[in-house]
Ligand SMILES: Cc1cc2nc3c(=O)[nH]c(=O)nc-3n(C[C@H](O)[C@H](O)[C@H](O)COP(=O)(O)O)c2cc1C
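Just one chain follows, in the form predicted on its own, and it is written as structure tokens.
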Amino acid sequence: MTFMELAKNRFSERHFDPRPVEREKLDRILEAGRVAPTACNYQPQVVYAIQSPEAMAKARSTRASLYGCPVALLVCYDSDIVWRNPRDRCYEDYNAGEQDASIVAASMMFEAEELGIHSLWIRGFDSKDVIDAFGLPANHVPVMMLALGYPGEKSHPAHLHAKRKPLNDTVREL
């Protein structure tokens, strides 16, 4: 399968099968995040693998919509080591942490799809709830959770999944 086929086939899973993700597949997914590009190669990402019943209960307590996934990855960045752009005159103390964490998460999401593991990008949570539930250090900034698992019997793309704007609506030539 080409990358374009993979990208078009992947969809946000909301009907996970409860069976666990094998350790070797999870390790490959995590490796895809480890080797993802980051600003100036600072690698500020911190990924928390949420799998135990206790950890999953904490994740659910944040009101994050996990849809019964057997494992979730909480993707954060370390604000102490993130690259900052000293030349940005519009955004004081601009840093690349959220971008870096998002690139890491996207890399893991596509590796999961390659392995037959479905995913759901989750950001509908309050960061304070996540910080409190997991006792995160102040310098670990939550960016998103990536729910992972095998598709359940009712698995299907959302009705708007394939609806995309034409390229000329999203790209501007300069």
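The shown structure was predicted, so the numbers you read here are calculated from the model rather than taken from an experiment. One rule holds for the numbers: they count along the sequence shown, beginning at 1.
The same protein also exists as the form predicted together with the named molecule; that form is not shown, yet it is the one meant from here on.
Subject >> Contact test in the model of the complex: Arg123 vs the named molecule, heavy atoms, 4.5 Å >> reply: Within the cut-off, so yes.
Subject >> Ser12: touches the named molecule in the model of the complex, heavy atom cutoff 4.5 angstroms >> reply: The answer is yes: Ser12 has a heavy atom within 4.5 Å of the named molecule.
Original post:
Are any of the heavy atoms in Phe134 no more than 4.5 Å from a heavy atom of the named molecule in the model of the complex?
Top reply: Phe134: no, not in contact with the named molecule in the model of the complex.
Original post:
If you check in the model of the complex, is Tyr67 within 4.5 Å of the named molecule, heavy atoms only?
Top reply: Yes.
Subject >> Heavy atom within 4.5 Å of the named molecule in the model of the complex - residue from Lys154, Arg164, Arg23, Arg19 >> reply: Looking at Lys154, Arg164, Arg23, Arg19 one by one, just Arg164 meets the 4.5 Å heavy-atom criterion.
Original post:
With the partner removed from view, which of 115-123, 51-59, 26-34, 134-142 is the stretch that lies within 4.5 Å of the named molecule in the model of the complex, judged by heavy atom distances?
Top reply: It is 115-123 that comes within 4.5 Å of the partner.
**OP:** Could you run down 85-106 and flag each residue that has a heavy atom within 4.5 Å of the named molecule in the model of the complex?
**Re:** Contacting residues: none.
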